[in-house]
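In structure tokens, one chain follows: the form predicted on its own.
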């Protein structure tokens, strides 16, 4: 177990280093943020002074070394646009993003897993085929297209739901629906396929032969053994969920981290963008390690052995 955790921590460190380095180089290759910070008509001398003030005139290697020294000291820098600590800027946004992501994840699991089980059990019925068809449609429609359609129908045409903000439950309905549609459809398909494999196993027939009810056979013996691929899908969906939330937050003007990162990218706000990518990357790799540890608890056949 200790060797497994140490190996995972090493892989996490290397992964984070590669991601942060790539973002550091990519942001500086896109142009100079002084062009966005300063007003039009700034003379050449003033532009040089501002570049020197922000340390952008230093060699790239020196900027890279200073960047990692600051990270090691727990200093993440100041946002170039707001001139405030990036941690403060993110603290004002992270609650909105977390609430949206958690609501989407809850809806995905609450709808996707039961529907996947039902389509596996009733695979030859009209209801099972209809749910599977709806899952394919949800899988095919991009979330930003669905978000715009929801806005046009329920906000601008019918006037039932607010188009922006996050103050009430009504503000969550359209963003969560647009963001979770793809993930619900994906989870339904994977849960169905996993359950179909489990239903044909010998231990399921043995459980029925013992006189256990079909509910107990499905939920206790079948679902537990079918959870490994389902958990894998959920783990992989975390990254897609975060990236999808960036688009949805932009469409619905959701005051979250995704909207912040889009603005930082357009304005070339290096410190904000770098810190945001670091936070997202840490979250994703941490969840993946936790899922690996969870595998062994669900299925004893999974061994955390060396190699």
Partner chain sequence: MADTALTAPPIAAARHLRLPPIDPVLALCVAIGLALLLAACFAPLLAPFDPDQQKLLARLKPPVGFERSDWRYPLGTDQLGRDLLSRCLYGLRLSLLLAAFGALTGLLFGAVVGMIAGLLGGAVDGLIMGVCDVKLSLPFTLVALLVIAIAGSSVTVLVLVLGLAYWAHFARLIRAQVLGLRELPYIEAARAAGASGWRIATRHVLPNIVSPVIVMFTLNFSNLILLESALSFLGLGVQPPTATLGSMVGQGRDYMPSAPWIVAGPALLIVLVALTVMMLGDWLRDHFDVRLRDR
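Numbering follows the first chain given and starts at 1. It should be emphasised that the depicted structure is a prediction, and the values quoted were computed from it without experimental measurement.
Just so it is clear, the following notes concern the form predicted together with the partner chain, a form of the same protein that is not shown.
Contact with the partner chain in the predicted complex, judged as any non-hydrogen atom within 4.5 angstroms, is confined among 193-201, 172-180, 67-75, 114-122 to 193-201.
Within 4.5 Å of the partner chain in the predicted complex, a heavy atom is found for every one of 19, 266 and 284.
Contact with the partner chain in the predicted complex, judged by any heavy atom within 4.5 Å, is made by just one of 219, 102, 158, 145: 145. Contact check for residue 85: every heavy atom lies farther than 4.5 Å from the partner chain in the predicted complex.
Contact check for residue 250: a heavy atom falls within 4.5 Å of the partner chain in the predicted complex. Within this chain, residue 139 lines the site of the partner chain in the predicted complex, having a heavy atom no more than 4.5 Å away. For the chain shown alone, residue 152 is a contact residue for the partner chain in the predicted complex, at least one non-hydrogen atom being within 4.5 angstroms. Although the partner chain is not shown here, in the predicted complex the stretch 258-279 places heavy atoms of 261, 262, 265, 266, 268, 270, 273, 277 within 4.5 Å of it, in sequence order.
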